[in-house]
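This document starts with one chain, in the form predicted on its own, laid out as structure tokens.
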Amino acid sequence: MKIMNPATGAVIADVSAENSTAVRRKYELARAGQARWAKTPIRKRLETIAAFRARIVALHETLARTLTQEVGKPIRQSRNELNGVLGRIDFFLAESAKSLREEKVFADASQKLEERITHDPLGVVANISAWNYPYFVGSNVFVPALIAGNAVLYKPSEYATLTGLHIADMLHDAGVPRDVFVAVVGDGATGAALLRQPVDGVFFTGSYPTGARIAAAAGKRMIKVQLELGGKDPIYVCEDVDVKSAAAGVADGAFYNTGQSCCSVERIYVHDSIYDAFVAAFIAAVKGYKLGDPMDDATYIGAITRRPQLDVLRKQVADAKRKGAKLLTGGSVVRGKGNWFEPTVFGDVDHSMLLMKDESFGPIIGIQSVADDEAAVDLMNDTEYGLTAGVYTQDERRAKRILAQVHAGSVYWNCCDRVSPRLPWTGVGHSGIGVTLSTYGIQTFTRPKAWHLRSA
């Protein structure tokens, strides 16, 4: 399996993809190791994760450069991801023991009765991860899963394989046994082989079509399934904002990581009284972004990781033009080596256009004017997805009233494209099922067991 640099088209590594026989052996290895790991005191499990964190710090620049080379993410954003994952690990280190401890929930001395809850690990879980934020997305799963006593069969995306192998090496060096965290390397065929194993849970991050197939297959086996899927995340900008500040914030939310994020802003609705001013400020912000060598500290727009995504973006541009949208900037593939697409903004869009309905996952955005809050809410909810949504306004009560009506797992007031380890990360509709992060995202890797205890 060739690992390509999407910025240059050059091959940077050759890696052997694992076939179904190898995947089966790795499952059997993890199954044998899990029981021993579950008996390891949680204090020891936490110590290994703390040591893993220390290795991320020590290898920070090497890890950042590898990530940028294989996914095309600007180097400063790769460093940001590595810095950000430290806070997530810190949250799990601080909260897991409390979240997983045995709870006494009832006692009646007259009946000599006590009720308790314990949290048992699921067992062996399959973690099929994503390429766009491999440290964030992966650690949301494998860190709490390991702390809770599970073994993890970790399949990194084929577009972030080298990063996945770095993660495995660091965890093993930190003290996680090799039969407890097991990397499974390959493409979709390898992932399919992994899903055929009798695992106790599947945790997948990726597209809705793939997630739907996983859910259908796993449902027959009655195992835990968690799916973090796509988004078509809307922002509504009210007429009372500081236009320049709001435009800069929303533009960053739309184009950070070259728009390749499930929670990137993908639709913008602007009150018609400030539409022209907002569009002008937004275009000025976007034109200030540097597209270029991802290894350059000044670069903000990097390469498109997956070459087939260029065709998705071309199709959305052609469809928007054909249906009357106004191209304000960009709109084309950048010719030359690698996978590049210009930062692209359309005005005068509507929901007949693919740009406003289908996930873009690239540096492209549509801006639509709306008459009032009611119209904005209707449009924000006109989607099969429900990951994030935001409102920009100076009026907190107004923002809360609007956001309470929006169908999304995370909502934002005067911010966007933000994830906190303290809050649950979840979705509505085609954005998935289940939860990561927060204390809920720790307990999701366990089965609660109910204890009814009566003394003789």
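Throughout, we count residues from 1 along the sequence that is shown. No experiment lies behind these values; they were computed from the predicted model shown.
Just so you know, the form predicted together with a small molecule exists too; it's not on screen, but the next bit is about it.
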| Listed residue (Leu162, Val182, Leu195, Val349) with a non-hydrogen atom within 4.5 angstroms of the small molecule in the predicted bound form | Leu195
| query | With the small molecule left out of view, which of Ala130, Leu82, Leu328, Ala174 would have a heavy atom within 4.5 Å of it in the predicted bound form? | reply | Ala130
| At the 4.5 Å heavy atom threshold, is Gly191 in contact with the small molecule in the predicted bound form? | yes
| task | Report whether the minimum heavy atom distance between Leu387 and the small molecule in the predicted bound form is within 4.5 Å. | result | yes
| message | Check Ile89 for me: does it contact the small molecule in the predicted bound form (non-hydrogen atoms, 4.5 angstroms)? | response | no
| Would Glu158 count as a contact of the small molecule in the predicted bound form, using a 4.5 angstroms cut-off between non-hydrogen atoms? | yes
| query | Which among 272-280, 73-81, 199-207, 248-256 is in contact with the small molecule in the predicted bound form, heavy atoms within 4.5 angstroms? | reply | 199-207
